[in-house]
Structures are given as structure tokens and as C-alpha cells.
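Read the single chain below, which is given as C-alpha cells and is the form predicted on its own.
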């Protein structure tokens, strides 16, 4: 997929250019007003840019100079919004069939039963949208988009209107769609943890411009991206494997790389993978292991990079995975932090927040 869009709207100028893979998931991240939704609308053909080009799977869908502008209904691009936009008068089954029945059988990439099973919505087919929960509505909207057999699925902050509990329910379904249907997706969100749960590939947007495109752990070292990420709240997203539950004491033990971490109790089977987030500002650095302290986690690692932006400093530490730690410039000087230095990353168990679970194991055990 390759695009270059220019669009002027009152006092806002959008000028975005990038080339990204035609497979997998690409995250689009940036503050409100950065142009994320406008970018998706241009891809879908809902907004016509003032200038530029757009090609998908080698086919040109828009070229202002050549006079090419394929209508939205002919682009075979699905779009899902944060408001599900289901037809309230139709049942779930009829909502799902909208668009699916209009497709010739040879153009159907996914079957009706396959999508219903994938999203676990079989028990909802006879109900109408008003009878559904927020999470159920979003799963139905997602199913409807998939049954249109899009060659690209655009998701415009689909979880923004849901609470944390429902987000944790929906994210694994999005991951299953990525893994099982191979449908390419562009996922827009101002929540970095949602994007990184689905993909490390990310485009960072600000004020109608793309600051950088690539793997998050690489683009975050761009000073412009770092300043943006810090202004929005830098998060670390880690994929951990559950080792043990200590129910009476209220904590769970998991692994990060080859090290163990303690976090609040998580309802997940032993052996399952759980994605967790830790704010960079909630991690402290120490030059040595500290005894007699209530902080439960002290991960040993090596300083891999140091970046200073204004009065704030971001230190990357390799603890088996890369961990970003926000410290003050004073702390950097006082501790004499330098590249290659051995340090410990300290974080309270309560600072670790679960995002979602995947790869469940059949084994489950709770320790006293």
C-alpha cells in the first residue's frame, strides 16, 4: 500500500506520504486532530484529497493528476468506527448479511459461519442491536465489515467508546482476525497499548504530518516521535507468561524474558500469555539491587540508549526486552547513567496493568 495525500481544510493542512505492507496490521497513532480519521476516510474513498495518489495491492485507487478516483463502494475496503453504526431495525443476522448477500460467491473471502464462530456471536443472531451490550455491538459490527470480504479493513478507534473491561474482551478477537483471516488492517487509536497488542508496526502522526513509520521500538528514538509520545504518556507494553497465582495475597507471578515480575492478581490460566502495560514514568532506576523495600519488581538490565528532550530523559534498558524508563536529568547525572551500564528497573506491582490475554493454556492452577 502506497499513498501520498494532500488536503486543505480551513486552517488545517494534511500532507501525508508513506509506503506500508499490504499484509498484517499497521497502527496509526497520534493526538486528537492529527488527521488520523481523515487519512482513513481518504483511503476508503469517503473524502477526496486535493492532490495525491493511492495504490493498494498494486491497483491505483486514486490519482488526481490522472483523474482516477475509484468510488468507495468499488474499492472493497471495509471500515469500522467507534460508533458501531448497526441498523437498529434489523436483527444481528440481517446486519451481518448486509453486504454479504450482495457479493458473488466467488468473491467471498470468508464464510458466514466462519465469521460467526470466530467472533463468538452465534447466540446473538436473533437479537436486535438495542438488546446487545457495547462489546457485543462492536463484535457484530466487526463481523459485518469482515463479511463484506474487504481487501483492507480500516478501524477508526473502534474501542474508544468502551470501558476497560470491554476493551479487554474485544482486543483478542481483533488479534484472532489478524492471525486467522489474514485480512490486512489499519488500526487507528490514541491508545498506544491497543496498537502494540496487535502490531509493532506504527505510523506516528501529528498536525497532519507523518513523523515516522516503522517498528515502535525503532521510531520511538526519533526526537520528534519521543516528544509526541511523552506528551501523550509513554507506555511500555510487555508480553508475559503466567507462572503462578497467589490468591490469598492478591498477586500473580509472570515472566518477562528470563526474569520474573509480580503484578496484581490476573484471572488467566497458568502458561497463558498476558499483555501488560507499565508507564515509563512509573519505573525507577537503581545502580544496585535494593533490599528491604516494598517495591516488588527489580529487573536487571543494560542501558541501551539515552535520549534527552527538554527537562525529561528517556532511558532504554534491555531486560530481555526493551523497557523505557523516564527519569529526570538530575537523576541521570546523580546516578552517572551511561550506555552499557548495568542497572535495575524498579516498579511497584500495582503499576502493572493487564491489557488482554491470548494463547490460553489448558493448565490452570491457583497457589495458596
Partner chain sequence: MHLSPADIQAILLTLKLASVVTVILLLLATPLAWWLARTTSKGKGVVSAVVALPLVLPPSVLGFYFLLAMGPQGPIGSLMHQLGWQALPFTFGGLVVASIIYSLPFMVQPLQNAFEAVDKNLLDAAATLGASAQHRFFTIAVPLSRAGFLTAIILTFVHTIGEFGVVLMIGGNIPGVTRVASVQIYDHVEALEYMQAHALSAVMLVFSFVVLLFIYTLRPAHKSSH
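Keep in mind that what you see is a predicted model, and the values were worked out from it rather than measured. Positions refer to the first chain, counted from 1.
The same protein also exists as the form predicted in complex with its partner chain; that form is not shown, yet it is the one meant from here on.
Note on contacts: among 46, 306, 335, 300, the single residue with a heavy atom within 4.5 Å of its partner chain in the model of the complex is 46. Proximity to its partner chain in the model of the complex, defined as a heavy atom within 4.5 Å, singles out one entry of 83, 120, 163, 180, which is 83.
Within 4.5 Å of some heavy atom of its partner chain in the model of the complex lies at least one heavy atom of residue 73.
Its partner chain is not drawn, but in the model of the complex it has a heavy atom within 4.5 Å of residue 144.
The shortest heavy atom separation between residue 173 and its partner chain in the model of the complex exceeds 4.5 Å. The shortest heavy atom separation between residue 102 and its partner chain in the model of the complex is within 4.5 Å. For its partner chain in the model of the complex, the listed stretch (218 to 226, 242 to 250, 104 to 112, 91 to 99) containing residues with heavy atoms inside 4.5 Å is 91 to 99.
Along 4 to 30, no residue reaches a heavy atom to within 4.5 Å of its partner chain in the model of the complex.
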